[in-house]
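Presented as C-alpha cells, the chain that follows is alone, the form predicted alone.
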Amino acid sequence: MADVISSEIFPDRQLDGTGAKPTMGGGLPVIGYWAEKTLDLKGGLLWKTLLHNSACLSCAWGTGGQKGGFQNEDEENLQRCAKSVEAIASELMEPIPTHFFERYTISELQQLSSMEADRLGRLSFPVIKHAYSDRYERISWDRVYEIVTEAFQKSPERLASYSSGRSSNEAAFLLQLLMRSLGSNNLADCSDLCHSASTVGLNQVFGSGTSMVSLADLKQSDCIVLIGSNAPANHPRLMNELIQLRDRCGKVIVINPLIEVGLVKFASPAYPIKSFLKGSEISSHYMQPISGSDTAVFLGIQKALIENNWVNYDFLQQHAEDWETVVEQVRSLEWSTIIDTCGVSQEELEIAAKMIGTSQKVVFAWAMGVTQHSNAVDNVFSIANTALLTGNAGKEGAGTMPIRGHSNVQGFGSMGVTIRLKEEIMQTLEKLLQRSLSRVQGYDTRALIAASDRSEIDTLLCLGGNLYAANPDHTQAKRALGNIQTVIYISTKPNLGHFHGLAKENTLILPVFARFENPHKTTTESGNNFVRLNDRGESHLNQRQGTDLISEVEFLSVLADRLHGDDVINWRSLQDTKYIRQLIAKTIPDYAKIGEIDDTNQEFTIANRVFHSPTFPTRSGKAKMFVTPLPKLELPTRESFDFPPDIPAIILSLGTGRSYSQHNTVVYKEGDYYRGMPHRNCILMNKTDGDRAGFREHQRVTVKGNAGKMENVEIIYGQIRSGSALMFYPEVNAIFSAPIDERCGTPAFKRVPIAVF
C-alpha cells in the first residue's frame, strides 16, 4: 500500500543520477536548482517569500529580517543560498488533502521515507490518533484544547517538552515560561543532540556559551580553522566568508576525516566573475584525522606551538587561569602518542601550528563533527585552549565560533529552553511569576527518551522537531514514545515521528504557520548573536478551503490561559508578541533591546557575547583553561558482532551525516551529488578498506550496529580516512545506540562502531 501512496503523491519520483564526481562545490547545480524553483508556476510566490522581511528558515547563518530578504546583518546583498530556497519551497507546498488521513492507515504511512513524508504537503488542520484507531482523524480546536489541557494537569515531573529551532524567540519564551510555571524543568531541545557540548564547554571556559565572533570579525581574520563541518552543504553563506578570506591572502585550515569537495574548491554564485566560473580555492591545509581524535589533533598543534615559541605567554598570564597545568600536560606528551591517537603526522600538525601561530587574527569554527562524540566537551576545551594559547580570544577578528545548524536553535537557549538555566534567569522568572520555581534537574533529550522508556512521562509537547528520528536507536525511541499517554506535535509539515512516535492514548498533530506566515511580528537569533525582526505575513493556505491553522504563540498562550486562568500574568494577552518581547527584555540578560524593537525596528547584536577585549563574564574576568586527556579510540573486535565468522567483513567507525539536499531530518532529495552517493541507502568508505575486506564499489552489503542492521546498502568509495565511513542520518540512526558525554548529554553520532559484511 505504501507503493500506492508513493505513486499517487510522487508520480515523477526518481533517484538523483550521479556520473563523475564533481571537482568543486557549489556551481551549476546551485543555479540549476534556483532556476527550477523560481521559474516554475509557484516562482512568483517563492520570490515574494524570499523578499519578505523574515529570517531564513534554514541554518543559523541565514539572512533576512528587517535588513531585507537577501541582506545579512552587515547589509551585504545576494546572501540567500539554495538551502533557504529548499526550506521555503517545502513550506509553500499545497495542503494535504482533507481526505488523506481517512484513506491511509498508520501502518501504511510508516512505510514512507523522510522525503516522502515531507512531500505529502502542508499540515492545515488538526488531527488526532486515538489508541483504538489505526489512523488519524480530523479534530476541532475546541476538542484539542480540552484534551491538551487535561493532559497537562499531571504531576510536574511527568510533563515534558521537546523543541527545535524553526520557531521564534517569542514561542520559545512562552514554552519555557509555561513549563516552569507548571513546575517542570523537562525542557529537552534539539540542541541537546548537537551543540550542547559547545554551550557547556564555552560557558566553563569563557562564561558565555555562544560564538564570541561576529560577521564583521570574520571579515578581519587572517586565518580560520574549520573543524568537523560540511559548510558547503549545511552553511553555504559561510563559504563566501572563506572565499573573501582567501582573496585577502588568509589561510583556511580544514580538519575533517572526509574530504568534502566544497572545502577544497567552491564556486559561489555570489561572485559570478571571480568564483562561479572557475571556483575558488578554499583549504590551505586539509587534515584527515581518525574520527573522534579532535582533542589529540589540538594537543599536537599545541605541542608544536609550545616547541616553536608561538605561545603568547603574556596573554595567558594576564587573561587566563590554569594555563600552566595545560602547558605542562602538553609538554609531557610524546609525539608518538599523539600521532598514534589522531593518525595525523607530526609534519601536518606543525604546518597547522605554524599557520595559527604566525597569524594575527585566528577564528576557530566547528560543527557537529566536534560535538557529537563521547568526549565532546574535551574537544571544545582543546579548541578553546588553542585559541587562548595564541591570544586569539577577546580581540577583533579572532575567537571561537560554534556553527549552529538550526535557524533559531541558539535563540531557544537564550530564551531559557534548556535544562541548564542560569540562576540569574531563574530568579527573574520567579519575580515575573511571583512564585518559587523548581530547581529539580530536568530531562535533556536523551534523558527524556530514557525516562519515557521507564514510563515516567505522561504528557509530551513537541514544538517542531522530529524527536523520534533524531534520536539513535529508533526501536527504543518508538517504544519510549509509545509509553507516553499524550503526545502533541506542533508542526508545519509531516515527518517520520508523526507516524512512528505514537503515544499510548492520544497523539495529536497541530498545524501552525511557518515563520514568514505569522500574523504577528516575531524575532529570531543567529548563530553570531544577531537578533532579527520578522515582519507579519500571510499564508498561501488561507485561501484553501478546509484549512485551519494557528500560530504557535496563539496555541501556547491559550493553553496557558486554560491551565492558569487569572494569574499574575494575563496569559491570553501574550498573543500580542510585543508584550512577550517586553517580558523577554525584563527577564533575559543582555536582551534589553528587544523591548524597544517594535518602536525602533532596530535589529541588534546581543550584548556581552562578542568579545573584543580579553575580559570575560567569568567570576575572575579571566578565561579558565582545562586539561584535556587523550581519547581512547579502540573499536570492538569482529567477535563483538553476531554474524558468521567465515564471510568477508570489516569493522569501521561510522559517522552519521546529512546529505547535500537535507535540513536536519528533512530530506529534500534522495542522493548527494557532491559525494557521489545516488541514494540514501549508501555507505561511503575508503577503497583501501573495501579492498582489504574483499569488497568492490557498488556492491550491496549489510551494515550492522549494536541495535540493528541495514541491508542492501551500496558501497560508494570516497576520500574518507581509512577506518572511517559515512552514512545518512536519520535512517542509519535505527541501527545503533550511542554513548553520551555525560557533561552535555550529546550522543556520539560521529563515532559509531559498525560491522560491514
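Just count from 1 along the sequence shown to find any residue number. Fair warning: this is a prediction, and the values are worked out from it, not measured in the lab.
From this point on, the text means the form predicted together with a small molecule, which you will not see here.
Q: Three residues, Glu241, Pro402 and Gly705; all within 4.5 Å of the small molecule in the model of the complex via heavy atoms?
A: The answer is no: none of the three residues contacts the partner (heavy atom, 4.5 Å cut-off).
Q: If we define contact as a non-hydrogen atom of the residue within 4.5 angstroms of the partner, is Asn234 a contact of the small molecule in the model of the complex?
A: Within the cut-off, so yes.
Q: Does at least one non-hydrogen atom of Ala470 fall within 4.5 angstroms of the small molecule in the model of the complex?
A: Residue-level check for Ala470: yes, a contact with the small molecule.
Q: Does Glu260 make contact with the small molecule in the model of the complex, using a 4.5 Å heavy atom cut-off?
A: Flag for Glu260 set to yes.
Q: Would Arg680 show up as a contact with the small molecule in the model of the complex if we use heavy atoms at 4.5 Å?
A: Answer no; every heavy atom of Arg680 is more than 4.5 Å from the small molecule in the model of the complex.
Q: Taking 4.5 angstroms as the heavy atom distance cut-off, pick the stretch from 709-717, 25-33, 692-700, 728-736 that is near the small molecule in the model of the complex.
A: Selected range: 728-736.
Q: Could you tell me which one of Thr665, Asn534, Thr628, Ser280 places a heavy atom within 4.5 Å of the small molecule in the model of the complex?
A: Contact with the small molecule in the model of the complex is made by Thr665 alone.
Q: Taking the small molecule in the model of the complex as the reference, which of Asn392, Asn466, Asn169, Ser557 has a non-hydrogen atom within 4.5 Å?
A: After the contact test, the surviving option is Asn466.
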